[in-house]
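Presented as structure tokens, the chain that follows is alone, the form predicted on its own.
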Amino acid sequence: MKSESLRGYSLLSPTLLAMVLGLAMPLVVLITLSFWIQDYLDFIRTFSLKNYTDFFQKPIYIKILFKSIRMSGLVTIATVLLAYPMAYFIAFRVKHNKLVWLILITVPFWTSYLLRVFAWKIMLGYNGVINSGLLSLGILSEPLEFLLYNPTSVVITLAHAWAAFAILPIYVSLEKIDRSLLEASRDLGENVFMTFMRVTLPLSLPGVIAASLLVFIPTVGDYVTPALVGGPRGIMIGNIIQSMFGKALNWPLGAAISVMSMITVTLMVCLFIWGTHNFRKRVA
């Protein structure tokens, strides 16, 4: 037994070491840095709560953090609502060459993330594709100015950027559903809608939860998309953190904001998982 345990730990040790060095150590450094104070280019390595005090004393940080969570929540809802029908179609309607369909879904994501963001900037711009098309059709007399540099443009761009990451886990969850359960539901007199609500949706919730987490968690801290298509009104907490580590040269405060963002996102994720678990129990 000891030799088997040692063999198991020896096989696990490279992965464990990589996780510690790649995940745990950066978090330890970040948390430690958040309790320091920066004096121009020097760090004062004494324990201090000043950075957290500054975070709570300046409402702008909390306001932007919850604004980021709200925008990421909208991105998650939009992405899942768009991804679920596509995943459902592939899982239940496509009988052959499902792999081809999955590859076609990922084709737009073979290009750079920045290129896709710039593509949306061109489409939503004052003289972009959407405005030019509506003007040429005579629907508009002048271009729309609200399509770009606002929270809506950030939500649209992020929803497209993360669509494939939502489709794939939902598809896997739908594909694993035993089709005999759907047939049994129909035989017992349930219509198509109630079969979906009471059988398909609850059984696919693990995929929906995974897709939601894969979209929500990274988009809260995104700073590239808000910087390119958001403008001043579309700024998110990631832009504040990036500026603290960049132009502001206040790494400890940036670390403290990062830690508070991670804590808030963790609480939101726990509430989401708790809510979906209760929903699944009620439906079942």
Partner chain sequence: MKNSPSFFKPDGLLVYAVLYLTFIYLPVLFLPLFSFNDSTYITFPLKDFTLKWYDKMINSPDMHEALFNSIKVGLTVAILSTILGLLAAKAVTRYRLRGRGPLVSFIMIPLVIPEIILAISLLILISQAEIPLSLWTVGFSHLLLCIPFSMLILISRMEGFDRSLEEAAMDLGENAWMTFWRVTFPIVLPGIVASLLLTFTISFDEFVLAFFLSSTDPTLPIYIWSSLRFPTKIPAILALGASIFIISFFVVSFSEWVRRRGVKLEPTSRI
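The term rigid core refers to the most C-alpha atoms you can superpose between the two forms while keeping them within 1.5 Å. Only a predicted model underlies this, so the values are computations on that prediction, with no experimental measurement involved. Numbering follows the first chain given and starts at 1.
There is another form of the same protein, the form predicted together with its partner chain; it is not shown, and what comes next is about it.
No residue in the set Y40, L49 and L144 has a non-hydrogen atom no more than 4.5 Å from its partner chain in the model of the complex. In the model of the complex, its partner chain lies within 4.5 Å of some heavy atom of V29. Proximity of F245 to its partner chain in the model of the complex falls within the 4.5 Å heavy atom cutoff. When its partner chain is considered in the model of the complex, L115 lines it closely, a heavy atom lying within 4.5 Å. When contacts are judged by a 4.5 Å heavy atom cut-off, A24 counts as touching its partner chain in the model of the complex. With contact defined as any non-hydrogen atom lying within 4.5 angstroms of its partner chain in the model of the complex, the contacting residues in 36-61 are W36, F43, R45, given in sequence order. Core-superposed comparison between this form and the one not shown: the CA of P108 stays below a 2 Å shift. I263 is not among the residues whose C-alpha shifts by 2 Å or more between this form and the one not shown once the rigid core is aligned; its shift stays under 2 Å.
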